[in-house]
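So this first bit is one chain, no partners, the form predicted on its own, shown in structure tokens.
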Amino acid sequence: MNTAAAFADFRTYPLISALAGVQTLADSVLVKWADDRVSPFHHQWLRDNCPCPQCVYTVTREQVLEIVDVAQDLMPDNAGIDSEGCLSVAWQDGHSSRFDPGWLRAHAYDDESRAERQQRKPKARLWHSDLQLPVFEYQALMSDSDALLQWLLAVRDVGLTQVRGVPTEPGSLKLIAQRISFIRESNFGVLFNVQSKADADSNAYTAFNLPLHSDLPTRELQPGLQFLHCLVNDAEGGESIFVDGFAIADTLRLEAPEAFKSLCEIPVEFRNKDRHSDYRCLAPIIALDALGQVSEIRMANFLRGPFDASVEQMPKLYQAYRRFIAMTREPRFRLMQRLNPGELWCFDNRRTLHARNAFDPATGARHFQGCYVDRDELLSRILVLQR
């Protein structure tokens, strides 16, 4: 890595195009690249992002400089391309900055560069009932970083994966979940046991069918990933059902845009209460990110409180809610599969809705274990593995 980028980041940035020319303007430095792209960089932006050891602590790679401590009208004395192909800027206050061209190109904010970056961002691969389920082997994931990366990319992009060959001893799930990061604990524990029991504090711990839902929509931040590991499955019934909530939301936006708008804008309260806890969260069923793309589905009918909307909104909310639930029941979206001992599901809980058919506990034992890992941990692990 060029020394100019050494303190800027832990990542490496390939040289997409070399610097070909530099021009200092009244408020910015205009960079021309060898591929003829032109990128303006405002003076404050360049000074704010100086990667030198005075501005960035070399151990943590975190910024020390606060831009308010630099004159707002600071100008370069000169700017040019040095002998190593870096952008070199000498400032009027005596400070010097040096920018690696790979790093600079990766952070250029002209329209063409921003559009190019947006195109390179990972995108969800929407799926329907004909999904070719990504399947991975436990031993490979536990010992091979390349196999681990491919699994995590599938979790990120598809939102539903299966792992086979997992030991069936209770607690085995913890080892593979920790290949990503630490496990998120909830009021159900670090690992929770999905079994039918008389004193159930959730419908999940009964033999009932569970409709399609996300786990813990009652929390401000729903868990990102959910694991369900089959230890024993001798009972009749209990098949797992999944739908891609993003695909349903995307279809709803096309087929019924007003219903989609209602589910994005009108909040719904979800509640999870028992003798010892009472969790509540008020949020829309469909959440959008800063670019208007679907980023989260929040749904569990059995944990939903009474709708609280204006008189004008209430009919719109019910119409939209009914339409969404009806779509989750359409065969075109549903994937159903029975999980066998030694297999586990790992899926994006804020995207992939899951359900379970009813089972008959009189016909045999059924014991799953589950846990959660936040989506941030998945994305961080991917980036570290890709370095």
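From a predicted model like this one, the values you see are computed outputs, not experimental measurements. Counting begins at 1, following the sequence as shown.
The following text describes the form predicted together with ligand OGA, which does not appear among the structures shown.
Among heavy atoms of residue 141, none comes within 4.5 Å of ligand OGA in the predicted complex. The closest non-hydrogen atom of residue 356 lies within 4.5 Å of ligand OGA in the predicted complex.
Proximity of residue 260 to ligand OGA in the predicted complex: non-hydrogen atoms within 4.5 Å are absent; the residue sits far from the partner.
Shown alone here, residue 281 lies farther than 4.5 Å from ligand OGA in the predicted complex, counting heavy atoms only. Partner contacts here mean any heavy atom within 4.5 Å of ligand OGA in the predicted complex, and among 289-297, 78-86, 224-232, 116-124 they occur only in 224-232. Residue in contact with ligand OGA in the predicted complex (any heavy atom within 4.5 Å), chosen from 131, 210, 106, 154: 210. This chain appears without its partner; in the predicted complex, the one residue of 194, 268, 183, 256 with a heavy atom within 4.5 Å of ligand OGA is 194.
Contacts of stretch 255-276 with ligand OGA in the predicted complex, defined by any heavy atom lying within 4.5 Å, are made by none of its residues.
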